[in-house]
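Here you get one chain, nothing else, as structure tokens; it is the form predicted on its own.
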Amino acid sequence: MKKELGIFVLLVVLCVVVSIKNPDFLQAVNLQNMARRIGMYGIYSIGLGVVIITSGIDLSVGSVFALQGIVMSIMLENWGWPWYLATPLIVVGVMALGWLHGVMVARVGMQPFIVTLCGLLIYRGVARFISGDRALGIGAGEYGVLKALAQAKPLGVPMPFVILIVVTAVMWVLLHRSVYGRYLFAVGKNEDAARFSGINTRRVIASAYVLCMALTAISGIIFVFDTGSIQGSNFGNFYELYGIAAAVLGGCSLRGGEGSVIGIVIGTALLQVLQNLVNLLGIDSSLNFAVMGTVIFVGVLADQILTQRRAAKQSVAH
């Protein structure tokens, strides 16, 4: 709880500083746009957080966005499939990739970094190949429901943000108020101890990757209909880093066993406010990645320092 409170205070302070520097920050249009981006990035960041809690990682998210977008465009625009048929197939297909990652990690014993790094390269290459390295459009047809996921604003609140609220509520119950959630944290803290206590650690780890890809698929649909154009070579580039940074900022330890859904959402909001600050102050947008790298570095450094202090206190107590 201390981590979430600390990052929330930092978010509030940053919002105050940005609004003082540039009053346009508080304009309704800017706040709506920022809420929309927080929703879009927050949904899949929660999924990445789940994997990180199990001491894993998934570097393939951005490439999955590209592959998913290309396949969805072909299904809807080229093949003329109805959206209510193409959408569930896309979601199931993306979840199948998560299952594959989970099997490679949990059953075969491969390192999550290697498995998902290979996925990053493979999915990006396949996306570029099947699209002929051309940009594909989407959204020209009547896809009212899918467009609404990305563009609707019920009561002035962007739909992606509404979806994030629903996902956050569901995932909070799943992670913090269910047996499954306790299993996730136990596996991340000490997989061997969890296995000896009777937990099916392989199944828990594999399910984390499937859950991550399920949320990735939902985010991917929103991203596709938000942009309306998908380029296999750059669509979703480095998006996994946004999710990892949000999770680390929100209190997820890369060692596993720690993290919270609320913290991840606050971390996502903080990143988007930082990006908004860069834009409003007229700073070169190329510095976005520098900001992202700095944020991840500071988050990991802080986690390292806190872990060492806790270990030192425990050793003194004993």
Partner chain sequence: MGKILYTFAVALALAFLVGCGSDTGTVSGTKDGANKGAAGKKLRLAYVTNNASDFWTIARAGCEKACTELGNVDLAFRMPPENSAALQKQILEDLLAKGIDGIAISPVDPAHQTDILNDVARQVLLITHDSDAADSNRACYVGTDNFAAGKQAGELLKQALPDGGKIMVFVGVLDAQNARDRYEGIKETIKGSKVEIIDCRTDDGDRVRAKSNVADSMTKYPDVSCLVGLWSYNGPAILRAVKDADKVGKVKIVCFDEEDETLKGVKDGAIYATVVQQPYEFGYQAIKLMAKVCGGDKSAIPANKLQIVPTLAINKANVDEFWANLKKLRGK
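Residue numbers count along the first chain shown, from 1. Everything quoted here is computed from the prediction, not taken from an experiment.
Not on display, but discussed next: the form predicted together with the partner chain.
No residue in the set Met75, Gly109 and Gly156 has a non-hydrogen atom no more than 4.5 Å from the partner chain in the model of the complex. Taking non-hydrogen atoms only, Leu277 approaches the partner chain to within 4.5 angstroms in the model of the complex. Taking non-hydrogen atoms only, Leu117 never approaches the partner chain to within 4.5 angstroms in the model of the complex. The partner chain in the model of the complex is approached by Leu136, whose closest heavy atom lies within 4.5 angstroms of it. Although the partner is absent here, Pro82 sits far enough away that none of its heavy atoms falls within 4.5 Å of the partner chain in the model of the complex. Of the candidate stretches 43-51, 279-287, 259-267, 61-69, only 279-287 contains residues with a heavy atom within 4.5 Å of the partner chain in the model of the complex.
In the model of the complex, the partner chain lies within 4.5 angstroms of at least one heavy atom of each of the following residues of 231-249: Gln231, Ser233, Asn234, Asn237, Tyr239, in sequence order.
The pair Ile296 and Val115 is looser in the model of the complex: their Cα-Cα distance rises by no less than 3 Å compared with this form. Relative to this form, the distance between the C-alpha atoms of Leu26 and Ile296 is reduced by at least 3 angstroms in the model of the complex.
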